[in-house]
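Next up: just one chain, as structure tokens, the form predicted on its own.
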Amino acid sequence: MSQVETSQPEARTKTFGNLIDNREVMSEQTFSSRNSSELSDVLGLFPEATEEQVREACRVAQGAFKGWSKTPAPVRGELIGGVGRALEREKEALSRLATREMGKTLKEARGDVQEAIDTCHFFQSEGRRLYGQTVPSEMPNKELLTYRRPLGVVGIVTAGNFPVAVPAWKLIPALLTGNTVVWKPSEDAPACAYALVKLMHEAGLPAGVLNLVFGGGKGAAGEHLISMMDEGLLNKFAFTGSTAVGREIGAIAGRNLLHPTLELGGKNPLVVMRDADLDNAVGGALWASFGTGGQRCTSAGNIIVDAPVYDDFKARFLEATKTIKIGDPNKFGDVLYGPFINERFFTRWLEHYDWGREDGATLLYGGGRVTPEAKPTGFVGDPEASFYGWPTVWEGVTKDMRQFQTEVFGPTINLVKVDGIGEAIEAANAVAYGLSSAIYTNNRLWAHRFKEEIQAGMTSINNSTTGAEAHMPFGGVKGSGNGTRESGIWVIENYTYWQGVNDDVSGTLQLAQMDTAYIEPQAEVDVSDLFA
């Protein structure tokens, strides 16, 4: 969690620099990273990169591109393997740092780091599989070949809720395919970003190949990096964050004829049909709604419940919600979720209580900020040490309500009653987003229909809306993204272009289509005459 400094830092607080050309580059203005669960605990001071420092980082990356792109892909892959081994060695320390900095539970933080390790292992071998093709030519003494080529310098901006895994989804394939990078991580998790880049440099990345600049978004380092597309200093941009900012990046990339990677927000539906295993559905819905305090782009937004089981599901879900254990994940290992990443996220989340009341939704459970006077029975620790939110459940939410349509990004869920699979799919698709989705049913026809008709990049059957694996595509449609994907072999398309090569050894000019010596057909054969 970050906070801009307005006074001189205390001497005991360590100050870190931007990492440009493998050098520490300081800035006059700094901001602090604080323990999300204990706001008085400062992890360090980080620089607010200036526009000129961001520009310098891009130019350094340009200079490093020639040498890195010519490094054989299997060698780049072995280096990525070294990154994975460094992450394995430091997994526990990095996980605890993530828990301290952005507030997710230690179990989740370990999963966050493991996802980065898995990504390294996957792409290490892809360094030996950046296959092209040989294609037969229609001309003699001529070969046709295709090659994957790196794009150049990649600008990357990431969010803070997955401070290790999501950056790895972008950094690892971008570097493996021969690109160089300028990365602006979230100002909410700079310490994790610094540690990750230092481990990647340890693995042997040449100077200038991966550059790290810190700072905020609008009017700061993030916006400076985006503007580098207009200066011709970037050949690719990859972004994880809000749909609104993603649209702005898409517009700037479009006028520069760049194809950005945009992983944006979601309002993810979780459908519970009348034949579902309700115990399984409640468990999945609870995790999808409140895991990471609802601060995932794949968190459930609307639980869409078939009418015959609505009352039963609601009773079970509310009972489970009231038993959730919440508190400081640094001190209590068995909490389901901890604090908000910072006050900014908390304040935005709190607004949705007004939306719900204004639109006429019914609040079944929830009380805004957890305080010493008003806290859930499962809360442990000091509620005043940070910003904690009640698990919040609404019903009577209809498709025209802001509550139904808008990503809340906090521990909030809507219960929506429908009648049958047709209404369930219609409700699931009635939002502007299309990232993740889930259905609980034992009817294989309903499951089949759902996965065919749902407008979402990812679908789970009898599982949560959340979760990803390093070898599966991650991304959405509609307001959740522009069709690009993270992870697996699919992501390689985003960081390379295809070069087609005509290699003519004939020694003469051969014109395809015009000089092609097609074989002339012979006289027609009438089969009926053959056996008359």
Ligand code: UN1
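Just so it is clear, the structure is predicted and the values come from calculations on it, not from any experiment. The numbering used is simple: start at 1 and walk along the sequence shown.
Another form exists, predicted in complex with 2-aminohexanedioic acid (UN1); not displayed. Remarks below refer to it.
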Quiz item: Should Pro473 be counted as a contact of 2-aminohexanedioic acid (UN1) in the model of the complex, where contact means heavy atoms within 4.5 Å?
Solution: no
Quiz item: Even though 2-aminohexanedioic acid (UN1) is not shown here, does Tyr388 get within 4.5 Å of it in the model of the complex, heavy atoms only?
Solution: no
Quiz item: Is there a non-hydrogen atom of Val166 within 4.5 angstroms of a non-hydrogen atom of 2-aminohexanedioic acid (UN1) in the model of the complex?
Solution: yes
Exercise. Using the partner position in the model of the complex, report whether Thr298 sits within 4.5 Å of 2-aminohexanedioic acid (UN1), counting heavy atoms only.
Key: yes
Practice problem: Scan Phe214, Phe239, Tyr440, Phe162 and let me know which has any heavy atom within 4.5 Å of 2-aminohexanedioic acid (UN1) in the model of the complex. | Solution: Phe162
Exercise. Only one of Gln53, Asn35, Asn494, Thr466 comes within 4.5 Å of 2-aminohexanedioic acid (UN1) in the model of the complex by heavy atoms, so just point that one out.
Key: Thr466
Quiz item: With the partner removed from view, which of 137 to 145, 88 to 96, 154 to 162, 247 to 255 is the stretch that lies within 4.5 Å of 2-aminohexanedioic acid (UN1) in the model of the complex, judged by heavy atom distances?
Solution: 154 to 162
